[in-house]
Structures are given as C-alpha cells and as structure tokens.
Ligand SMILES: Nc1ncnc2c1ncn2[C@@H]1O[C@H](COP(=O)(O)OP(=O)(O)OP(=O)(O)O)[C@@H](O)[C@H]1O
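Below, in structure tokens: the form predicted on its own, a single chain.
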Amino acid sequence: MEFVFALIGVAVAAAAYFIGVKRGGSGAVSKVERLETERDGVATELGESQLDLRDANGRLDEAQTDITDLKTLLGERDLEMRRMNKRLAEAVERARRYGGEHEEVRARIQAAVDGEIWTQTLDPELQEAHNARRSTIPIIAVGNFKGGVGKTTIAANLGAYFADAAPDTARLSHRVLFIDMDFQGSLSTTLLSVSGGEGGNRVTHLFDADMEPPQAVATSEPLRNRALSGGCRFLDCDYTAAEQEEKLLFQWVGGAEAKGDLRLRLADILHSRAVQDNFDMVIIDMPPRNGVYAHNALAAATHLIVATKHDMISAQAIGKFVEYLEGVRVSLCPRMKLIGIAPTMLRQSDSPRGFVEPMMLDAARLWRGGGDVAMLPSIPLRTAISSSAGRSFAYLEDMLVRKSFSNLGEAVERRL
C-alpha cells in the first residue's frame, strides 16, 4: 500500500509538473503577442509622425515664403511712404513759395458762389482804360434778368427799323451788327431764317482766348435780305453757349484768365476799329440770367433798353434789374446810358400806367448813371409779331407793327 501511495504521489507530482510547464508556455506566448502589437502600434505612430513632420516642414516653408513676401511688401510700402513724404514736402514748399495764392483762389470761388465776383472792381489799369473808351457808334443792349418779357422781339424789330433799306422818312439806313447772347437762340433763329444761313454759334468765337477783333467780324454771318441795308451782319447763339459760360467762369475763378478781365472781352472787340469802322450800330440781345455773357453785354454797351412785359411780376423785375445795374455801373458800365423802359405785349385795353409806370418811378430813384429811366413807346400784343417770330421781322411784314416799332425807333434815336 505504501508503494501504491508512493506511486500515486509520483504520478500526481508528474501531472502537476506537466500542468505547470503547459501554463508557463501559454504566458510567454501572450507576452510576445502583446509586444508585437505594441511594436506595430509604435510603427504606425512613427509613420504618422513622419507624415506630420513633412506637413510641418511644408507649412514652415510656406511661412518662410510669406515672411519673405511680407518683407518685400513692407519694403515697397516704406519706399512709397518716402515718396509720399517727398511729394508732401514739395507741396508744402510750393505753398510756401506761392504764398497766399491758394487763399486768393478760395476767396474767388466763394465770391463766385455768392455772385460777388461780378461786382468786384477791375484792376486799376484796366479800369482806367475801360473808363476811357469812346465808341463812335451806338452799342445798344436790350435786357432784363427776367425771361419772356420781349427782349428778342425788341432787339430783332428795332434792328430791322434801323437797318431798313427803304425807311419811311429821310433817315439813313444803318449797317447793323446783331449779336444774340441768349443761349435759347430765338433771335438767331429769326436771323438765320431771314438770311438763309446755316448758323455756327459764332458768338462763342468772341470768347476764344486768341480771338482778335478783325477775326470776330469775319466770323459773323452776312444778313442777306433786300429789305435791309447792305453790310448788316449777325453773330448767332445756341445752347452750347451756356456750356462755354460755365467753362469760362471756372477758368476765371481758378485764375486761368491770362488776358485782361473776362467781363471786358466783348467790350474789347466792339470798341475796336474793326467793328467801329464797319458798322453804324450794334444791337445785343442779352440773356435773362446773371452770367458771363450778360456782364460782357453790359460792359460793352453804350446804351441800354430795359424790356418788360405788361404784367405785375414782370414790372416788379424792373426795379431789381436797375438796382443790380447800379451795383456794377461804376466798374463795368461807367459811360452807359439808360434809354428807357420798353413795355411789350400790351392788349388794346391796357395802359403802361397800370403796372409799369409805378415800378419805373421806383427804378428811377435807384439809377445814378447816364440817361433817364423813362417810358418808351409800348409794343402792343399782335398776332403778326408772334407769328413772325423765328421766321422773319414783323416790322417788315405788317404795317401796324411797323408803325409801333417806328415809334419806338424814333424815341430811341432821340435819346441816343
């Protein structure tokens, strides 16, 4: 039994040994597997790190490129800043060199905005020369700063009266130079129709910087009509004249007027021998606004007729216009004479005393220049006048109209 028990013990010990060996071998295998798994994970992470490193190197290269570009840009900006500082320094130096010229331009711009540029005094030398002008022929301006009062009707038919080749009396026929300075061009339409001309806005030529008086006469259009005196001519006008006025004003305000004073351009031409020797009279249809052309007409005119329609609003404009004239008279038109007030478009039952005369008396108290603020013969409202507008002279077509403008013409002759 003891032997059996010993044998059994040996068998149990052997079994325990073999079981222990088997268990120990399985643990070693698990470790190897874990190590291999960890190795694979590390290899994977290493590969990903290498990719991240390459990406980082790429971004670093891009950053270095951006830094290089930024340095270049900063260098360009610095160079541009130095250039700007140089230009600024040059501008400051010019301002110092030119002194107060910019202040003068600023003041002229403000004066133009306020309208005071028209009333400012002339340069003393120009003023002296302007005061000394003596015209051998009448230069008659027909004006009012209110539109629709019959300025063009008076200018056209009064001119036809003086240019009449076969006057009713023994008076002489005149060589008349018509000048349309109203950009609406109503007088031009009539004159072009009468003469058969094509037009060329020739009044704008008078304001070309290099225009000389003989050229100005040469650019005028002959007024070809058997009923009118030979030698009559005209300068037409249209809406492009308004553009020229604005351009001339800006140039003048900016100090670009290199030759004399802009307001005296027309006076220089009309008082020249080229005009004085070739015409017996000049008639100017003024524009109904306060601008370059209007002040040139006033500065050039030796005589003025104020046209007015027979109604309250138009009559009230007489005093305002005469008051303005008084403000520019001493500088621009020191020798201009006021011929009188010419009422137009009166109905048969109307009397100038109704509206015009009271306003005329008020204007007379304002005027200090030559001539009187007198009432001229009125022009009635007639179909013959309106139907001939833009086509012909009503003075030449209708006997009653002819009589009315003859009365006006005779009154004007007495007051020249």
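If you're wondering where the values come from, they're calculated on a predicted model, not measured in any experiment. Residue numbers here begin at 1 and follow the sequence given.
We do not show the form predicted together with this ligand, though everything after this point is about it.
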Of the listed stretches (181-189, 260-268, 226-234, 201-209), which one has a non-hydrogen atom within 4.5 Å of this ligand in the model of the complex?
-> 181-189
With a 4.5 Å heavy atom cut-off, would you call K146 a contact of this ligand in the model of the complex?
-> yes
Are any of the heavy atoms in G369 no more than 4.5 Å from a heavy atom of this ligand in the model of the complex?
-> no
Just to confirm, S386 within 4.5 Å of this ligand in the model of the complex by heavy atoms?
-> yes
Tell me, yes or no, whether V356 is in contact with this ligand in the model of the complex, where a contact means a heavy atom of each within 4.5 Å.
-> no
Since exactly one of G340, G150, P138, G197 fits, which has a heavy atom within 4.5 Å of this ligand in the model of the complex?
-> G150
Within 4.5 Å of this ligand in the model of the complex, heavy atoms considered, which of P288, G319, P213, G291?
-> P288
Taking heavy atoms and a 4.5 Å limit, what residues of 375-412 are near this ligand in the model of the complex?
-> I379, P380, L381, R382, I385, S386, A389
